[in-house]
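Taking the form predicted on its own, here's one chain by itself in structure tokens.
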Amino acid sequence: MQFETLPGFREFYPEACARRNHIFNRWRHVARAFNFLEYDAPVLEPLELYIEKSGQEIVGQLFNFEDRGGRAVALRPELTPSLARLIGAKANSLKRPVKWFNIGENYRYERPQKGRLRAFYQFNVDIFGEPGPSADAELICLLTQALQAFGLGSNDFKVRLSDRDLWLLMLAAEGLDEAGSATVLSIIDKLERTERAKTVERLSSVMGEDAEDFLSRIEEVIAIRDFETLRAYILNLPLEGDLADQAKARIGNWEKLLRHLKAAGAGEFIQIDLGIVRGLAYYTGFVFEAFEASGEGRALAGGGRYDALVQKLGGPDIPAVGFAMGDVTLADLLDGKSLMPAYMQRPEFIAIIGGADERDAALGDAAQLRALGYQVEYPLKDSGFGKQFKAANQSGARFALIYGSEELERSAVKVRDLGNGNEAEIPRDQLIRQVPALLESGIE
């Protein structure tokens, strides 16, 4: 019987694994450049953790079951709840701001389709303990640099920036309370995917006969693309007292955020788009999503501020902001733009061995080179020089280390540059010392 991979799951043969690791390596490099620390968390968590964060409806999207201890558990669909739990458990002892990142696999029981699988990896980056817009800016800058690290530019992607706090102020100006605002935000989140007539019908449950005009006002806001227009719109809202003060303060936060992004070189990637509200109710301020500049395909990454989540999950009151980027949509984009390298693991050295004594010498040198982190291949069975040289040329190795009887008598090894065919003989006791120069300059 031939078993097959389950729907929505992937196997990674060496070439595919190398492509995946290329993505992981770029993610790690950028996160560490911003001085974020890597962490990890269990892939199996109490089911209640996800229900508490997202509501009972999340259960249908999970791989969940009862374990042998009678506990309701689930494979993690995302990392944020686990992270909030970890932060909450040690919040008082952690030096703030907490800047952490993770690369891990997540699982969702949903219909597999292009860009969306049941098992996928995500790059999660979060900051805890800093309420000001500098933390939001730091994460958006990291996001843009992470995408640039793959060769993507401002013609390839944009970060669409929005603000749930501004929406709450605008909806307060419409006379909506907290519950009504939450309903409207959930409708706005689905606006691009819903027919206009259906949207009007949904809004009528909140706005009654004014639903059509209300939608027109929403569309006017969503069409705003420059900050000066946005500033004028917000400051002209019919708000009084504390709400008017909140509007002015929020515009101040926008000014700080945009100034930081421009100074850090991320300004060209930013697109103001109030159509982004991030449907999850736990978001509390700035929200953002990275999309292909063409507007095609799924979002590449998404995130925002979630200041209340740690406390909601039992921890202290601590501000938080973060984003997640998936490997599936990113790999699809890189493939489409021919930016994913064709990976093949190539050794730096491959040994060509004459006989038993020569093999002993080769194994000794290989052991030293491998201990220093160099990749060394050698033949596992005896064969003639011709066959070995053919294998060496096919291996993609940079250099062949040739051990013949004459070289052995002179306690030397002949090194051939497989790129240009040039050779040099090196005393074996000098090989380790000369390897860095060989790798840098080759053999002229």
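None of these values were measured; they are calculated from a predicted model. Numbers for residues come from their place in the sequence shown, where the first is 1.
Only in words, not in the display: the form predicted in complex with a small molecule, which the text now covers.
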Does residue 136 reach the small molecule in the model of the complex if we count a contact as any heavy atom within 4.5 Å?
no
Answer yes if any heavy atom of residue 282 is within 4.5 Å of a heavy atom of the small molecule in the model of the complex; otherwise answer no.
yes
Are any of the heavy atoms in residue 274 no more than 4.5 Å from a heavy atom of the small molecule in the model of the complex?
no
Flag residue 347 as yes or no: does it have a non-hydrogen atom within 4.5 angstroms of any non-hydrogen atom of the small molecule in the model of the complex?
no
Which of 240-248, 72-80, 356-364, 88-96 has heavy atoms within 4.5 Å of the small molecule in the model of the complex?
72-80
Proximity to the small molecule in the model of the complex, single hit among 260, 108, 160, 164 (heavy atom within 4.5 Å)
108
Can you pick the one in 253, 145, 122, 183 that has a heavy atom within 4.5 Å of the small molecule in the model of the complex?
122
